[in-house]
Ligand code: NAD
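Below you will find one chain, with nothing else, as structure tokens; this is the form predicted on its own, and questions on how it binds or moves follow later.
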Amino acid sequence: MYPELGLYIDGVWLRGEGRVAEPVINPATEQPIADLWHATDADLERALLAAKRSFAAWRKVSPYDRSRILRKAAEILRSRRDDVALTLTLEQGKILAESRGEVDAAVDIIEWAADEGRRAYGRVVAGRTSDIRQLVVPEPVGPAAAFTPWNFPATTPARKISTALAAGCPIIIKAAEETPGTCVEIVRAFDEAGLPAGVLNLVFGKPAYISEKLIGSPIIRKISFTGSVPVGKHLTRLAADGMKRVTMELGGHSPAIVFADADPVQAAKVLVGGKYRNAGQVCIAPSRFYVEKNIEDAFVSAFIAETKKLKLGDGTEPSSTMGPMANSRRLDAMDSFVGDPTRGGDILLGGARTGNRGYFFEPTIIHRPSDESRLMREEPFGPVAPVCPFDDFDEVISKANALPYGLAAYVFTSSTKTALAASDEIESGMVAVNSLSMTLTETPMGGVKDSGQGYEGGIEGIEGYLNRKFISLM
């Protein structure tokens, strides 16, 4: 039902042996399901030395042989898809259908990286005289340290691990302590696929301590983090001391703009699916909704009707369409957003915790909250949806761009002119028009402003793990 947990360092699984442990909690039942061991000082030093030692050999492994190992790992993970999905649901809470989809996406990511590593080409630059050859050659940047969150415990580690390995970089990954089992299964797949010892290391422990220890080491040359803006900024400052490459995929507060020429019922149906996926704990989820006044009533009615169809329950139950929040902190956060004295507006649906066990919060709709409320200024990262009207294009673009975030945005319109204009004017790393199509394996994922720097996925993702060396030959 749930895997045996452990640290994975230099090709060896480590458990117990005097290490501090913490319980892993099922968010649907609030019951412990396993003990997770924390890495010691000696464990972290061993992981760093393993990454340093293995870099010399792994960087020289051909992209074709790296690809073969990655594809084998993907094959192993695919064969265990249902078991890994159950692990994911037990520790994170999302419904099984979403967990299965996430494991499928993780396999897709690993396979993409396997191929993309083979396409990390250099180039020849024409010389100014016939006796000069000028080459631009890609080289792996060096050992990487990656830090992943609890909301997507399969796809986020899979993306960081596979991209680093495909580029020729060993990696030490610190996965989320609340959702360790899924990453353990991913690492096990790489181990069984024949990955050399030391190239991939998995650790857990106190996040602040581990991040400072790994980033502070001269062995680490690349940092990749997915998580909150404040933590991302802190890790970037730590990396700056060693001039280390960083990829930061940070939080957002994604505007969803529905213009009057859109179908309000269809837009509402699509946006409800995006908003309440994983109980709203998705960094790119539409999280503040702006609807042109002419269709405000029709949209709100349809949004309420679609939201009422959601069935809140344990993610392992086939009838559930929305699971619990991942931890008690998220419940407290939802209470604070709903109870904010500056909130304003009307609660049209939900607004409270529910059930006598588990971290469940009702799907919630708040109509016309104040622009100054926390809900409109801070990402709720949960199942609370604020819906506000707007009068014209310039007004809504101004509102969409008013915050320091720029990760994702959504536009609904039947006008090509409006779609193009909005896509141009919105300050965001990603924009989807009339759909939720975003963060596919083959497309770049990244934000602007406080939402991060660098990209994961697509042809851009592997560039973060490569140096470009210029060689002039005469």
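In this text, all values refer to a predicted model and were calculated from it rather than measured experimentally. The first residue of the shown sequence is 1; numbering continues from there.
The discussion below concerns the form predicted in complex with the ligand, not included here.
Put simply, Glu116 is far from the ligand in the predicted complex: not one heavy atom of it is within 4.5 Å. The ligand is not drawn, but in the predicted complex it has a heavy atom within 4.5 Å of Pro207. When contacts are judged by a 4.5 Å heavy atom cut-off, Thr148 counts as touching the ligand in the predicted complex. Residue contact with the ligand in the predicted complex: Glu379 places a heavy atom within 4.5 Å of it. Partner contacts here mean any heavy atom within 4.5 Å of the ligand in the predicted complex, and among 229 to 237, 85 to 93, 99 to 107, 310 to 318 they occur only in 229 to 237.
Of the listed positions (Phe225, Phe303, Phe190, Phe289), a single one reaches within 4.5 angstroms of the ligand by any non-hydrogen atom in the predicted complex, namely Phe225. Checking Ala73, Cys283, Ile171, Ala268 against the ligand in the predicted complex, a heavy atom within 4.5 Å turns up for just one residue: Cys283. Contact residues in stretch 248 to 286 (any heavy atom within 4.5 Å of the ligand, taken in the predicted complex) are Glu249, Leu250, Gly251, Cys283.
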